[in-house]
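Encoded as structure tokens, the following chain is the form predicted on its own, with no partner shown.
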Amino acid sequence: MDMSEDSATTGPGRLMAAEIAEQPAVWERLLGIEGRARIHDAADLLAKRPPRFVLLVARGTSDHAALYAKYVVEILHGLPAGLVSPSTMTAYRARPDLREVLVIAVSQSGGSPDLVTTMEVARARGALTLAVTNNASSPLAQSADVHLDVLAGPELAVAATKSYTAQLLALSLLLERLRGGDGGAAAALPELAVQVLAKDDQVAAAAQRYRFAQRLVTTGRGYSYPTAREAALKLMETSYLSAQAFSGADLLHGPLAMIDPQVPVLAVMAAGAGGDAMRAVVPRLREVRADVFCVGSAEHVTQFQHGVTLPDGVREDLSPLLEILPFQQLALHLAVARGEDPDAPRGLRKVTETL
């Protein structure tokens, strides 16, 4: 790595590095007695009004956690789910009939006015509302029928890392509880995260490889598609390069034409149906001689020259918690290699107040 131990603790990116490293401990809190009690309490309240439809609303990084929850709801609960466009209720003042609908808002800060307004309208129009935040005293938490604290603790770097994976885990545990599960499959995640984070040197080497890239593409399918989107956002907001995320299916429907050896492709191919669905993308990437960095199962990663292998035996719906870790590290190392400070990206603030 370019960063010495001193610079890692005092130089650019030190906050982001610390918060990336803190994630196993955050997950332990959610999996511990207090975290599980909060999740069980929230699930018990939601179970009193079973929905016929689930809507999710979020912005930025939290939008990718909401997208992940959409996959969980549709695949594991068998319920239709959708993502809300807040402007329909704020700018356009739409007032849809939301009876028998569960509306879930996801936000690190809980301070975005458009999300608060959306929740207030949803509640007034008959929805059961749940806020998932990292701030129990936030306006969003106060506006909902039920609040779930992700217990990530203060997040000081502008780029969200630990709050994102805490959202994923909290949503996963809550939704599993609602279908009668005990969350036991998640118990091994903190130790597995330590193993993935220990591959930091591999990621730092990749950052040097892509140091001068001006644009890149991220791709994945199924549960891994939110990971691809979050990876692209992290790279854009920390390294100021153009990063576009596509599902593997959409990549083949046109965007593949822009791929060449100068446009790196970051592929997420975990074990399971999503990774298997990406198989059709691999020969097409080879045809255009794409430079691919893959995060996923050994079976998939070994198809490429560069990548990080994830631990075996992780249930596919839990894999996104581990998948994103190397991409967070890549965003950190790439930003520092390019002379930037990912703790305080130019022009960005921790809380963005959209209306």
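Everything numeric here is computed off the predicted structure, so don't read it as measured data. Note that residue numbering follows the sequence shown and begins at 1.
Just so it is clear, the following notes concern the form predicted in complex with a further copy of the same chain, a form of the same protein that is not shown.
- Of the residues 124, 205, 91, 188, just one reaches a further copy of the same chain in the model of the complex with a heavy atom at 4.5 Å or closer; this is 91.
- Exactly one listed residue, out of 184, 154, 254, 180, brings a non-hydrogen atom to within 4.5 Å of a further copy of the same chain in the model of the complex: 254.
- Contact check for residue 120: every heavy atom lies farther than 4.5 Å from a further copy of the same chain in the model of the complex.
- Contact check for residue 137: every heavy atom lies farther than 4.5 Å from a further copy of the same chain in the model of the complex.
- Residue 273 belongs to the set of residues with a heavy atom inside 4.5 Å of a further copy of the same chain in the model of the complex.
- Taking non-hydrogen atoms only, residue 311 never approaches a further copy of the same chain to within 4.5 angstroms in the model of the complex.
- Residue heavy atoms within 4.5 Å of a further copy of the same chain in the model of the complex occur in exactly one stretch of 146 to 154, 188 to 196, 161 to 169, 237 to 245, and that stretch is 237 to 245.
- In sequence order, 214, 215, 221, 222 are the residues of 191 to 222 having a heavy atom within 4.5 Å of a further copy of the same chain in the model of the complex; the partner itself is omitted from this view.
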